[in-house]
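Next up: a single chain in structure tokens, the form predicted alone.
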């Protein structure tokens, strides 16, 4: 009898704990069902009628408030990781060697860290690279420079066509391109589906024998970024667009550093001629998408948005955060979705990869500075063009490989192995250039050429004879004169559009 009572007690306790566990999991199930029900019960009810290429982000915000409010957080520039982030930073001051490497090009005047999409219009207006033209149709940069700065661009391209949009100098479009990068750049206004609004990406796919319309939704979560975060150049020799600097991606034969260099070498294209070495230089832009594709995350099927625009929840609603920033700012919702290591360990993994690539890239920078300075010494000594031909080709190749790794955002983390390989190619090219230069200089009776004192940005700019005070005054006068006019014209134009409410 006693044994039966003990057995009954044990069974009762087991039933009790089993019931508690069952109730717990039923509670989780009920909570999950409630959340899913809340999500399913959400009905999109637009307040504002959006046109096909509505550029005003605040109007999109009327219809998609959660996404818009998260996007406004891109105005926060307080995040700083070990290497950049979105905090303001003068990259020429941090690395004065860049001034010499870009001597003869606008980047030697001004190169600030990118602050994010929210500041796209402000930053292109303020940078010294766009100069201070006396008239809106003057200045060094073409209208093509606006291509990735604003949702006004798809609107204007739809109205006049890409080639017509690219015509003329950048200042002439100042009153028309006023809305910072936003909703219409990537989304359909009626369905919010992702879409491509820049013809250059579509044309690049066509040139390489692919059809972008066949892209999956997951691929589109990277391709909308690839409209701008890519290597590109301004093709001045298109037969169908004469006298136009036509935005083009050099993807015809592939997206590696070597295939794009071969493409450029075949066409003879150069962004500028170096002021010291007279090398026809290629300025890499920001081949983020191309480099991302060579990394482990792309191999595992991730998209840009998975890490830079993680899913978040608010009031039972799940949506994509549009605060586009380094994943290191929000490791819990980015890295730790897949990885189980601590935040400290994951952050350390990123920095370790970045440090190792930067270490060898810095060595390549020094070699390139020496090559440019030594080439100038050779020219000054009277070395002929024929003798310098191979030197210039090696310097051109080396600087392309260096810039391919330096210009991309996050390249050292996205694909550290590939970046180390490309830097190695640059080291080989720069060494070949310097070996030939050593022979030419010795033949000309010149010994070792001293490395310049470029320990600060100011010293580096003085070394390449940049009149910085004059450039700053010209820019300030231009902004003071033209920006109020642009803003007034833009306000008048947008007021004429009106707003239609449902």
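Values in this document were obtained by computation on a predicted structure and should not be read as measured data. Numbering follows the first chain given and starts at 1.
There is another form of this protein, the form predicted in complex with a further copy of the same chain, and it is not shown here; the text below is about that form.
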Original post:
Does the 4.5 Å heavy atom contact test between residue 434 and a further copy of the same chain in the model of the complex come out positive?
Top reply: yes
**OP:** Give a yes/no on whether residue 300 approaches a further copy of the same chain to within 4.5 Å in the model of the complex, heavy atoms considered.
**Re:** yes
**OP:** Consider residue 261 of the chain shown here, and say whether it contacts a further copy of the same chain in the model of the complex, taking contact as heavy atoms within 4.5 Å.
**Re:** no
Original post:
Quick one: is residue 403 in contact with a further copy of the same chain in the model of the complex, heavy atoms, 4.5 Å cut-off?
Top reply: no
Original post:
Just one of 418, 231, 176, 306 has a heavy atom within 4.5 angstroms of a further copy of the same chain in the model of the complex, so which one?
Top reply: 418
Original post:
Of these, 89, 427, 141, 383, which has a heavy atom no more than 4.5 Å from a further copy of the same chain in the model of the complex?
Top reply: 427
**OP:** Would you mind picking out the stretch of 292-300, 163-171, 206-214, 98-106 that comes within 4.5 angstroms of a further copy of the same chain in the model of the complex, counting non-hydrogen atoms?
**Re:** 292-300
Original post:
Going by a further copy of the same chain in the model of the complex, which residues of 60-77 come within 4.5 Å of it through any heavy atom?
Top reply: none
